[in-house]
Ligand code: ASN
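Encoded as C-alpha cells, the following chain is the form predicted alone, with no partner shown.
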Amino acid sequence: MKEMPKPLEELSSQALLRKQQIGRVASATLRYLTSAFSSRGFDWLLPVVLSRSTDPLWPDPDNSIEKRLEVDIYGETVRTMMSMIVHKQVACSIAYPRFFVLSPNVRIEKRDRKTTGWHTYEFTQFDFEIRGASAEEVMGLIEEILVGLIRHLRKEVKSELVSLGRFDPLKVPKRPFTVHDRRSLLPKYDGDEWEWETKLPQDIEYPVWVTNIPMEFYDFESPKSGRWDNYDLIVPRYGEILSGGRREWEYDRITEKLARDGLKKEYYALLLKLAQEGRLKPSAGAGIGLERLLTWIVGANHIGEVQPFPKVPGLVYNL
C-alpha cells in the first residue's frame, strides 16, 4: 500500500526539501504551458467553480464518484465544477475560438481510491478548446507542446530533476506518438474492456495515445460506424494525464445521446438551445490533469505529493 502524503507541518526536513523542489518544477511547468498556449493565439480565460451544468462523468458515473456536491444559492441548485466541458463548448462557439483555462475541479472519489496514488478529490485541469479543429490537430499540438515542455524542464529545473531522480528517466518523447485504437488493445489484455488502463502504462517507455474510447455524450461518435473521435494520453508507469475529443454540436445527435445515457435535458438546456439554433459550433479540445502531469514529471509516489495541501480520497486534512 502506498504511504499517504503528509501535510506540510508534518514533513521532515528532507521531505520538505523534496516538496519545495516539486514546487519549483510545478512553477516552471505552469509558466511554460501558459506561455506556449498564449504564444499560439489562445485566450486565457478565468475558471468557473459553481454552475447549474457540469460534466455528468458518464457513461459510468458511479464508477469513481462517491457523491456530487450541490448547494442552493438564490433559490437555485448549483453544483461544484467536475469539468468545464459544457462551458468550453459554449465559450468556443460564441466568443473565444481558441482559449485555455486553469479549471479547479471537485470530484469526491470513492475512499478506496486513496491507495491508487493517482486520484485526488480536488484537482486542476488545464482545459483548452479550438473551434473547427480536428482530433489530429489537437493531438499534434499536444505532442509539440509536451516535447517542448520536457526539453524546457531538463534545462530550466535540471538540478531539481536530478535531485528528484528524474533527470535521466524523464526522456524527451519521440514524435509522432504511437496511437492505439482501444479495440486493438483488447486482445492483448484478455479482451477486458478496461484492463488496458492499468496495464498499458507498465508496458510503454514513452507517452502514447489511445483513441475510440466510449465516453460522455459530448464526445463525437460516428452515427454510422459507432467510432468515437476522441483520445487519451497515457504516460509510462502512471496512466492517463489528458482526455479530449472532437465534440458533438448537432441538436439531434446530442438529444439522442442524452436519452440513451439517461441524462436530464434540463441540466444542459443552454447547450441544447444553442445547438437547436445552429449556434453551437464544431470544436475539439482536451483537459490536462495538472497534478497527474506533475506526478509523472517528478516521479511522485502519490499524486498528493505534488499538491501543497493534499486532497486524498477518504482523508480530510486540517487545511
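Numbers follow the displayed sequence, beginning with 1. All figures in this text were calculated on a predicted structure; none of them were measured in a lab.
FYI, the form predicted in complex with this ligand isn't displayed, but the following is about it.
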{"property": "Non-hydrogen atom contact Gly244 with this ligand in the predicted complex at 4.5 angstroms", "result": "yes"}
{"property": "Contact test in the predicted complex: Ser93 vs this ligand, heavy atoms, 4.5 Å", "result": "no"}
{"property": "Partner proximity in the predicted complex: Glu291 to this ligand, non-hydrogen atom cutoff 4.5 Å", "result": "no"}
{"property": "In the predicted complex, Arg107 touching this ligand (heavy atom, 4.5 Å)", "result": "yes"}
{"property": "Segment assignment from 71-79, 124-132, 93-101, 179-187: heavy atom within 4.5 Å of this ligand in the predicted complex", "result": "124-132"}
{"property": "Within 4.5 Å of this ligand in the predicted complex, all of Leu57, Lys88 and Ala286 (non-hydrogen atom)", "result": "yes"}
